[in-house]
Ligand code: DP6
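To begin, one chain is listed below as structure tokens, in the form predicted alone.
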């Protein structure tokens, strides 16, 4: 891997929403998942991160949205920077400045876009020139889903089988232009709680305690194959039915975990019911919901139905806003300065 003197770099990446979830890690040190997953990288929502390796700095510093961070978030960033230092030979500490143009720690995958942006900025600032696959594997060590935000469009994270994780990485399936008619209507739930239990800990509790976890693992290979086909063929009804089936399976695992992981609010559940009602009235799946470990809900539909679906969601009390998103591009390098 070519190296040059450390300096300053900035990178911007987008969060992704998983259509097939990963929930559970078989090797926490290497962040290796039990199952493969498929996601779509979104447009408009962005994390922007600037990294500067500075001689004389006595410890790494991290600011998020202008607030100086400590505790767990700072520890995670420091450990990630240690990995970059090990790869590059850089010994300086770093200043990290990151901003999100969307709500943090609420189920909108800020950790995915944040660590993907950190991976891009930190490696460039350290003088490394990683391939997309190498960058995906590095980002995975900060946050599992970050490995998918290294690419735009529709992305598959391969679980791999090797103990060392060398075959565990994300790869693009289709670019952001593959299905322009596909729309993601994001329902922002008012007063959505910030996650108290971090996803990394919550998913391991599910592995240990949920009787639904093993059943879900048996179902996933066929569901992944079917969803891959639906994306390839741009088959809306098939895709929408599959992502709801997948989301319901994920939620059952969470809710049967001890202690129970209930990420949805009453408003969130009303959004799910509104989608079911819309499909029942139309006689087929014209929309499909999904959510991650948070209260906000993503409702996928086709452009021809987006206005009606959005209006139905906006009418729900407790939905503070809706965003209409599409598949978006991969990372954007904003600045690289050497020395």
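Residue numbers count along the first chain shown, from 1. Everything numeric here is computed off the predicted structure, so don't read it as measured data.
What follows is about the form predicted together with the ligand, which we do not show.
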- Message: Between the ligand and 21, 111 and 198, in the predicted bound form, does every residue show a non-hydrogen atom at 4.5 Å or closer?
- Response: yes
- Is there a heavy atom of residue 149 lying 4.5 Å or less from a heavy atom of the ligand in the predicted bound form? no
- State yes or no: in the predicted bound form, is some non-hydrogen atom of residue 203 no more than 4.5 angstroms from a non-hydrogen atom of the ligand? yes
- Task: Please check if residue 292 has a heavy atom lying within 4.5 Å of any heavy atom of the ligand in the predicted bound form.
- Result: yes
- Message: Although the partner isn't part of this model, could you tell me whether residue 250 comes within 4.5 Å of the ligand in the predicted bound form, counting any heavy atom of the residue?
- Response: yes
- Item | Among the candidates 127, 153, 236, 144, the residue which, in the predicted bound form, approaches the ligand to within 4.5 Å (heavy atoms) | 144
- Have a look at 206-214, 165-173, 82-90, 136-144 and name the one stretch with heavy atoms inside 4.5 Å of the ligand in the predicted bound form. 136-144
